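Next comes just one chain, in structure tokens: the form predicted alone.
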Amino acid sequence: MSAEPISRREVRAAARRRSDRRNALIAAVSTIVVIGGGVLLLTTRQGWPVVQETFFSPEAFRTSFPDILRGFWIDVKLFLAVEVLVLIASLGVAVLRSTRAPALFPFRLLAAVSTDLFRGIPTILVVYLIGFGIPALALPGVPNDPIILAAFALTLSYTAYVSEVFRAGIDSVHPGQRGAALAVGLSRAQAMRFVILPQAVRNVIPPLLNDFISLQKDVALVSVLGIVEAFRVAQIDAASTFNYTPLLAAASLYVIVTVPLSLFLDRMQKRDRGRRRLEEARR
């Protein structure tokens, strides 16, 4: 009696495999045609030899890459430091804006105003204003190191964005979770720490990673303060040789870092969608 259902499953599985193979073949042929056509269209243009020499010179790439790589380590260290600062500051701002204690109203107002302000100003302008404005004030005890000021500027800008992500995660947790936590004897602070925040953080990991991918690229903006990081080194090399290949060498380093993060983000989003579908099916 079990032979017939098994046979039907095998038939469906075989049909699904044939469909997958056909779709994969169509996708491969389509990719080859589109990419091949684009490459053919580009390389057959009259100006291609000049573009190739100006932007894709192997000799210029080989000559400039070691210095650009050394500058890129500044980007990496700055990114890691700012990422930690943004996580701490943005989570604090999100929790503060989610509280309703009357005594904290001035701080909530300040957090809301600063979030709207720094979300409205382009990041490069924040870097300019902090990087050149604070040294001009000559405040005693305030560091004037461009790297510290750049890290502070990026932290201000991205805290505004990431705090809204965290706040959306907190709002996404069902109010019944807080009520249940209070019912078992937890205080409001304990409910936020042990019940609300773990669920909120889990819900916003994909958009959180997306913001940090953007941060990794925006670290290059600190070059406007004279910091000799990867993009600045590439600019100097390009200006001295009149060849723009060093800029592509710098771009390749950013791609090497951001593409794996993007793939990891896609995988997490796919897993999150599967988890949500499973939870809905159980309901």
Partner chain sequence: MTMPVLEIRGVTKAFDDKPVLQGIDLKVEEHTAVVMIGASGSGKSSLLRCINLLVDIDDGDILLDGEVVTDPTVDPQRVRRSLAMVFQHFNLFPHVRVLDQITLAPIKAHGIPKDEAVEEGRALLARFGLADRERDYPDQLSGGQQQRVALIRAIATRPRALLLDEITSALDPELVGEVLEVVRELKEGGMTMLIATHEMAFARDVADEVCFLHQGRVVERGLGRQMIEDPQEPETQKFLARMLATRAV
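Here the structure is a predicted model, which is why all the values come from computation and not from measurement. Residue numbers count along the first chain shown, from 1.
This protein has a second form, the form predicted together with its partner chain, left out of what is shown; the following refers to that one.
- Leu186 is the sole member of Leu209, Ile148, Leu85, Leu186 with a non-hydrogen atom within 4.5 Å of its partner chain in the model of the complex.
- The listed set Leu182, Ala81, Leu139, Leu110 contains one residue whose heavy atoms approach its partner chain in the model of the complex to within 4.5 Å, identified as Leu182.
- Among residues of the shown chain, Pro198 is one whose heavy atoms approach its partner chain to within 4.5 Å in the model of the complex.
- The shortest heavy atom separation between Gln190 and its partner chain in the model of the complex is within 4.5 Å.
- Residue contact check for Phe194: one or more of its heavy atoms lie within 4.5 Å of its partner chain in the model of the complex.
- Its partner chain in the model of the complex comes within 4.5 Å of a heavy atom belonging to Gln177.
- Only one of 198 to 206, 86 to 94, 116 to 124, 152 to 160 places residue heavy atoms within 4.5 angstroms of its partner chain in the model of the complex, namely 198 to 206.
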